[in-house]
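This document opens with one chain alone, in structure tokens, the form predicted on its own.
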């Protein structure tokens, strides 16, 4: 298969802007679409061209990536009248990097095949820091030959790649990741709140614990943001509610019960009802404190 030279990109949010920027820095020719053109300015400044629709972003591209918000956005971007598959030429690859529905990924793959194209589902983990530093882990489902062809692009954005299997398996692998994250976030927040109410030097306590068996990526990264009451999103609560909902849908299909994931999904929906959906997932600690009629403080 010929090398990838021309890339279409759709979505320049917290993750997408940095990820696309790494591709531009590697010299890929890029055409970009996002709902708000101003959000693509950093990429346009790097030489990318503006496309008026997902279909236009796909015209002449070897591969088109998208990272958007929700499954309904994915469906519109790929399968809509002005979607990627309306503009992508025969032999082209479309790649959804949104965390989305495995069933939708399989549908997109079927439609791509009908049009003589190939589809990959390639959600990522690593948050805003991983996107900025090109250290993401990327789970890829779909055609193995297309995965090999797209590897130089993935390697520009991340450090660890896994080809998971058939269409939709990349999404399933990412949802398994989200199950793990759901529990870890509560252990971090509850331990920090306990340390505060016990009267400990919380910042010093975190340094000791993060280096030991209780340490985790969440403790080392988001835990430190909590110390300074930084609740800006590395990953939106709204998006995590979506992800956990998708996990529970898959649980029903597979006939399994995950009690902790079910509880986590309910708790994050409660945060949405408290208008915290646009905060990062680390905002859990404030609501946990409120449930005990306490206040989470700044710790330096």
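Residue numbers count along the first chain shown, from 1. None of these values were measured; they are calculated from a predicted model. Take the two forms, superpose them, and find the largest set of C-alpha atoms that agree within 1.5 Å; that set is the rigid core.
One more form of this protein exists, namely the form predicted together with another copy of the chain; it is left out here, but the text below deals with it.
Checking 70 to 78, 165 to 173, 90 to 98, 108 to 116 against another copy of the chain in the predicted bound form, the stretch whose residues place heavy atoms within 4.5 Å of it is 165 to 173. With respect to another copy of the chain in the predicted bound form, the three residues 251, 254 and 288 uniformly fall within 4.5 angstroms at the level of their nearest heavy atom.
Not displayed here, another copy of the chain is kept clear of residue 228 by more than 4.5 Å at the level of heavy atoms in the predicted bound form. Using a 4.5 angstroms threshold between heavy atoms, residue 259 counts as touching another copy of the chain in the predicted bound form. At least one heavy atom of residue 247 is located within 4.5 Å of another copy of the chain in the predicted bound form.
The closest non-hydrogen atom of residue 161 lies within 4.5 Å of another copy of the chain in the predicted bound form. Among the residues 179, 153, 134, 104, the one placing a heavy atom within 4.5 Å of another copy of the chain in the predicted bound form is 179. Residues 186, 187, 190, 191, 193, 194, 195, 197, 198 are the members of 185 to 199 with a non-hydrogen atom no more than 4.5 angstroms from another copy of the chain in the predicted bound form. Relative to the superposed core, residue 191 undergoes a Cα shift of 2 Å or more between this form and the one not shown.
Once the cores line up, the CA of residue 20 ends up less than 2 angstroms apart between this form and the one not shown.
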